[in-house]
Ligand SMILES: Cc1cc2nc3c(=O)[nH]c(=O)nc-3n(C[C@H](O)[C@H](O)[C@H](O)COP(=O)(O)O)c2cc1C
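The data below hold one chain only, encoded as structure tokens and taken in the form predicted on its own.
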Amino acid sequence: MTNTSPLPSVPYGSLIFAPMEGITDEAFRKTILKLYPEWDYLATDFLRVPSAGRYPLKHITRHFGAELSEFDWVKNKTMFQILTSHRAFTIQMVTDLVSLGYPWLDINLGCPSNTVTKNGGGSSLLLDLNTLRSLIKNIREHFTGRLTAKIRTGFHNTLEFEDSIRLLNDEGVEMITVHGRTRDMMYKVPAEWSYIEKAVKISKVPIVGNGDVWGLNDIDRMLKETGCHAVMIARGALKAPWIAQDYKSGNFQESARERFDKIQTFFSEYKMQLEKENISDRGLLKQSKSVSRYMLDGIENSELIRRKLLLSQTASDFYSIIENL
């Protein structure tokens, strides 16, 4: 099916907040959209496609965010990521996404989780390119919007990396994010940006670079060294959700006090967005801890502060430490 997406091409140099399971939910994305509109695009955490039956439409809308779904401008800058396999009811999910008016679908071909890969999803799809081709072809035939994919360089090795990039090109994927690690590498070794550069050279569609973008200088370095079209940031964006704001304002220097102020501003807004959902104290504490993991990196006494946050027994304890940074 020919793409009829009303969305314009993703501009060169765009910054994309990566999809992260359990992190980039509605409350988190509301916080990002309000505080840091400098992010060009962002993503939902992945929604698993069921292997039997289908989700009610309300479940899909709730995953994206019922309130956010009311705004076309939010839909247009948000990739709705799904996690699927050859056994899942993928086409039903795609059809439902089209009916709900979500214009951008991203396929997760990178998740390294054992739970995901043992069920044939995420990066395990890279083990069988014939099955992957059939899956992508079927999705493209039923989805008229922007279709993209996030991929690792392979599962056990990179022997079929170039073939996987060509496959996605052939089957109508319009932009490919390359995370510079195999599945077996997990996050234990440095990302190999050379594979992002390889993808750029053989792909007819834009390549987005991803992996080990921890600071402002890494953004320019990735664009320059790999020739990629845009940059997706994951753990580096958890370390500094304001990184797009600082990059575009040219603020490449910050004091510890400025960093603390940014952390406090973020958590003040995030707490408010979570509380709007009538979240329990336990849920508030769990979510707050999960997004704080990298935020103190590089700060003096960061390990001591992080330990106090992670040992907090109540949300009140957690936010008291934040307020007194």
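The numbering used is simple: start at 1 and walk along the sequence shown. Keep in mind it's a predicted model, so treat the numbers as computed, not measured.
A second form of this protein, the form predicted together with the ligand, is not displayed here; the remarks below concern that form.
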Full three-residue contact with the ligand in the predicted complex, heavy atom 4.5 Å, for T31, K239 and Y270: no
Heavy atom within 4.5 Å of the ligand in the predicted complex - residue from D45, D40, D297, E26: D45
Among the candidates T84, N210, T78, S164, the residue which, in the predicted complex, approaches the ligand to within 4.5 Å (heavy atoms): N210
Heavy atoms within 4.5 Å of the ligand in the predicted complex: which stretch among 179 to 187, 121 to 129, 91 to 99, 136 to 144? 179 to 187
Look up in the predicted complex whether E303 has a non-hydrogen atom within 4.5 angstroms of the ligand, and give yes or no. no
I'd like to know if I233 sits close to the ligand in the predicted complex, meaning any non-hydrogen atom pair within 4.5 angstroms. yes
Decide whether V10 counts as a contact residue for the ligand in the predicted complex under a heavy atom distance cut-off of 4.5 Å. no
Closest heavy atom of M20 to the ligand in the predicted complex, within 4.5 Å or not? yes
